[in-house]
Each structure stands twice: as structure tokens, then as C-alpha cells.
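Okay, here we've got a single chain as C-alpha cells, the form predicted on its own, with questions on binding and movement later.
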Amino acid sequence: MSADATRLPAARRGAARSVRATAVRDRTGRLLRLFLPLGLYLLFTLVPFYWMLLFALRPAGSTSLLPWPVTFEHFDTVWNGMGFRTYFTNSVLIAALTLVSVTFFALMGGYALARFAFRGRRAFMLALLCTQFVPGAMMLIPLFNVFQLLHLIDTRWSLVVAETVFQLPLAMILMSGFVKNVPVELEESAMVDGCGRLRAFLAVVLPLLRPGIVAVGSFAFIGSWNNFLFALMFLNDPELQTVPVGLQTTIGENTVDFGALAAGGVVAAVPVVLVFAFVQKYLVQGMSAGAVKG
């Protein structure tokens, strides 16, 4: 065997090793470029939650970086001693009523926007979109005057109405996107078979809008649950206050009860986390529908 014949396989093996090494370096580079920023962002996001749990679960005065020994004295303080039981009940009632109100009106408005070609529809859609640029603080004085005339100040209905007014434009835009995804031929077939428009909507369209209803309802619930400004302005009775305002009671004039504040934060975060955990896919669909439809 000649010397050229023995060098050729060795050269091929060297070239193959070089190709594999290059592929490994490229794959490692892609993974680092993708996962390193995501890992840093995840760390940046989770550290505040860990810090909140740490203060909520470790004993008062402890400087440990681990929640050990675990204590629930802060939760007992905020739940039974600071009235969070009442705040939590009020927040659940107001958020649930807002969810029902926003979903109902969004269904009617979104269906009309998607199915009826009336004059000025585009301008109306643009007006709905423009309302999202108005900060909630600018609506405080007009809403306060209206609620005062209607004797709604210091009632839970003031928050339900204010939240519905504030959230309905975006909810209608989202719902109209979901309605457009339902083929109109299904309704027409039902109407040919003898259904009226209302019955065709209830029997054919409404079941297919379940993802949209879940998404809009979830946005409404979370928005109402987290609202602090309206509850602070429209409710004066401590028995009617909500969780975001109740968190303020843990902050004194000169001192802050960090354990109670962190425990209250955990109580406030639990419903929102549960909603996101169970309806996450519907929320993504809702945001996508609102982004490409209209």
C-alpha cells in the first residue's frame, strides 16, 4: 500500500472531526445566545417572588436567606388581625361581578362589531382603541361626580361599574376577533333550519366562543383584582376595602411590617397565579386575536 493511500483516510477522519467540532461550537453558541438571556430574565423575575416568600415565611427579626424555620405567624396576622379576610372577600365579589359584566357586554358588542357592517364601524373601533391610551387617573373626577349623583360612592357597585367602563373597550375588540374566527356560514345554516339570530347565536356561536369568553373573563378578573386607584378613591368604609388597598395598612407612618406586607402580597398573588396557571393558553389566544383582528 502506498503512502498516499494511508494518508487519505486519516485526512478524511480529520476533516470529519473538524466538521463535528464546528457543529458542536455552533450549537453551544446558539444555546448560550438563547438560554443565557432567558435564564437571566427568569432570575430577575423570580428573585422578587422569592424575596416576598422569604419575608412571609421566616420568623420576624430573622436575617436568614432561607425560609427556615417556616412560620405562618405573618399570614395569621394579616388574615385575622389586619382584616385581610374581609379585603379578600370584597376583592373576590367585585372581581367576579366585573368578570360577568365585562364578559356579557363584550359578547354583545364584539358580536355586533364582527357581524354587522354599519356606517362608522371603523371610526368606532378606532375610538375604542384610543380609549386604551387614556390613563385611569384621568377618569377619576368624572366617574366620582357621576357616582356621587347616583349615590354609588362607598358601594361595591362603584368599582364594578368603573372597572367595566375601563375594561370594556379592549374586551370588545378581543371578542370581535374571536367572533370573526367563527364561520358565518354556521349561523346561516342554523337560521335556514328555522333558528332566529338569537337562538343561532346561543346554540351555534356561543359554544365556539368559549376560548374568547375565558380570555376576556380572565383579563377582566385580573384587572379588577389588581386595581388600587379606583378602590382607594370610591370606597371609604374599611369593611368595603379590597386587597390592594388593604396592603397599604401594613405600612405605618414611620415603620413597615415587612413580614405582614409580604404575607399580604402572597395572599394577593395567589388568585392571579391560579388564573394564569389554568387559562394561560386562552390568554395567549386572546392577545393574538386582538393583535391581528379588527
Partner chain sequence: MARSLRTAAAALAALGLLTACGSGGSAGDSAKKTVITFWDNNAGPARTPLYQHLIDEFEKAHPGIEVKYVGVTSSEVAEKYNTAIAAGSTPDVGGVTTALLASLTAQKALVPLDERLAGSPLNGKLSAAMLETSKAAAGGKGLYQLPSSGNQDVIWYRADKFEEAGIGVPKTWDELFAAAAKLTDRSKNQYGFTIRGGAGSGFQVLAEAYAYSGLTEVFDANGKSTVDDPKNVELIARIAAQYKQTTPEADVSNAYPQMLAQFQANQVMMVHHNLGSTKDVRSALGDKAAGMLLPAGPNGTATLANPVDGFGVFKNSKHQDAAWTFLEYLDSHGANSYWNENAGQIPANTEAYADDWYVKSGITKRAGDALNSGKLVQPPVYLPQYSKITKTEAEPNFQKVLLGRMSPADFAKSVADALTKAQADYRAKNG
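Since this is a predicted model, take the numbers as computed values, not measurements. Numbering follows the first chain given and starts at 1.
One more form of this protein should be noted, the form predicted together with its partner chain, which is absent from this view; the next part is about it.
Trainee: Out of Ser189, Gln132, Gln148, Asn181, which one falls within 4.5 Å of its partner chain in the predicted bound form, going by heavy atoms?
Mentor: Exactly one listed residue reaches within 4.5 Å, namely Gln148.
Trainee: Report the residue, out of Ala60, Leu32, Leu42, Ile251, that has at least one non-hydrogen atom within 4.5 angstroms of its partner chain in the predicted bound form.
Mentor: So the residue touching its partner chain in the predicted bound form, by this definition, is Ile251.
Trainee: Of the listed stretches (92-100, 108-116, 207-215, 194-202), which one has a non-hydrogen atom within 4.5 Å of its partner chain in the predicted bound form?
Mentor: Result for this chain: 92-100.
Trainee: Spell it out for me: taking its partner chain in the predicted bound form, does every residue among Asp154, Leu229 and Asn236 have a heavy atom no farther than 4.5 Å from it?
Mentor: Every residue of the spot touches its partner chain in the predicted bound form.
Trainee: Would Phe75 count as a contact of its partner chain in the predicted bound form, using a 4.5 angstroms cut-off between non-hydrogen atoms?
Mentor: Because no heavy atom of Phe75 falls inside 4.5 Å of its partner chain in the predicted bound form, the answer is no.
Trainee: Please tell me whether any heavy atom belonging to Trp79 falls inside 4.5 Å of a heavy atom of its partner chain, as the geometry stands in the predicted bound form.
Mentor: Contact with its partner chain, no.
Trainee: Please check if Leu240 has a heavy atom lying within 4.5 Å of any heavy atom of its partner chain in the predicted bound form.
Mentor: Yes.
Trainee: Contact between Ser64 and its partner chain in the predicted bound form at 4.5 Å, heavy atoms?
Mentor: No, Ser64 is distant from the partner.
Trainee: Looking at its partner chain in the predicted bound form, which residues in 122-145 have at least one heavy atom within 4.5 Å of it?
Mentor: Heavy-atom contacts within 4.5 Å come from Ala137, Leu140, Ile141, Phe144, Asn145.
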